[in-house]
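The data below hold one chain only, encoded as structure tokens and taken in the form predicted alone.
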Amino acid sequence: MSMPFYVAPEQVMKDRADYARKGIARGRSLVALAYDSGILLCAENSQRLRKISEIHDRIAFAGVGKYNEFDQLRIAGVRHADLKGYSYSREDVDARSLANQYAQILGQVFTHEMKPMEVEILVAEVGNEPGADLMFRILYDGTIVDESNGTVLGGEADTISGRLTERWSEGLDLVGALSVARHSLSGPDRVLGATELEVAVLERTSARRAFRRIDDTELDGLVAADPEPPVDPVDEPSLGDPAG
């Protein structure tokens, strides 16, 4: 009988992590940040498939990576929230417990399954005051990162996060927050229009259901009101112009 090949556990975990990161990096990024009336979620997404959804009354879900995998997690989160809210009270459903559930699922798959899930997800909950807002980023291996003012999911997260940190300031209104998110995602070399974005908010002032998706008409108006001008294209000298 032939002996099976031995692979060190450290190498197995490294290969799985590399595989998951490569799959996530192929997707487009997503930004979430706090503003004066709640939490803004903005994704670069020109498709009809949604990256941002409602989980419960004051809780939103967002995912990047492989769509069918993070949508399965979204459905599981909705079912968990509905069951807990029905069994106990709607107020007992919170982002912290949902993040823990997601972390257990992703950690179990990463450790025991042949292929890890190629996803990175966010669970956000708006509080009654700015200091009570919650944002939990859950990585492909089940690691939970507790974010405060803003976070970035997906490919080029470090670069986009740097731009977000430079632009974000406390007390932004909706127009300003969308401007920060849009220009953080696009960078200095391009401009993202309304048709390339998916935007939703968790509004603190809502009585019960805080999640609201920004429709095309409102999004066009918010982008048009952006106080930051678009990037000017670099002027290329024509053949008849002198070099300079």
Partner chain sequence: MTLPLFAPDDDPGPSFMALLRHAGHTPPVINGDVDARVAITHGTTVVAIRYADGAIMAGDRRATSGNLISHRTIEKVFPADRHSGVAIAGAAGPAIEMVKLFQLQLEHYEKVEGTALSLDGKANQLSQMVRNHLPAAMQGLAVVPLFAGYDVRRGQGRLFQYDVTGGRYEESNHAATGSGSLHAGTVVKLGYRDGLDREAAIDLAISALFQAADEDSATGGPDLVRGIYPTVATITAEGFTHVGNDEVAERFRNLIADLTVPGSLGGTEGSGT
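Positions refer to the first chain, counted from 1. Values in this document were obtained by computation on a predicted structure and should not be read as measured data.
Not pictured, yet referred to below: the form predicted in complex with its partner chain.
Engineer: In the model of the complex, which of the stretches 153-161, 74-82, 123-131, 140-148 has residues with heavy atoms within 4.5 Å of its partner chain?
Structural biologist: After filtering at 4.5 Å, what remains is 74-82.
Engineer: Does residue 50 make contact with its partner chain in the model of the complex, using a 4.5 Å heavy atom cut-off?
Structural biologist: Yes - in the model of the complex, heavy atoms of residue 50 and its partner chain come within 4.5 Å of each other.
Engineer: Please run the contact check for residue 119 against its partner chain in the model of the complex: heavy atoms, 4.5 angstroms, yes or no?
Structural biologist: Answer no; every heavy atom of residue 119 is more than 4.5 Å from its partner chain in the model of the complex.
Engineer: I'd like to know whether residue 90 contacts its partner chain in the model of the complex, with contact meaning heavy atoms within 4.5 angstroms.
Structural biologist: Although its partner chain is absent here, residue 90 would touch it in the model of the complex, with heavy atoms inside 4.5 Å.
Engineer: Can you tell me whether residue 212 touches its partner chain? I mean in the model of the complex, with a 4.5 angstroms heavy atom cut-off.
Structural biologist: Output for residue 212 is no: heavy atoms all beyond 4.5 Å of its partner chain.
Engineer: Does its partner chain come within 4.5 Å of a heavy atom in each of 86, 98 and 105 in the model of the complex?
Structural biologist: The answer is yes: all three residues contact the partner (heavy atom, 4.5 Å cut-off).
Engineer: Sequence order please: the residues of 41-63 with a heavy atom within 4.5 Å of its partner chain in the model of the complex.
Structural biologist: Residues within 4.5 Å: 50, 54, 55, 56, 57.
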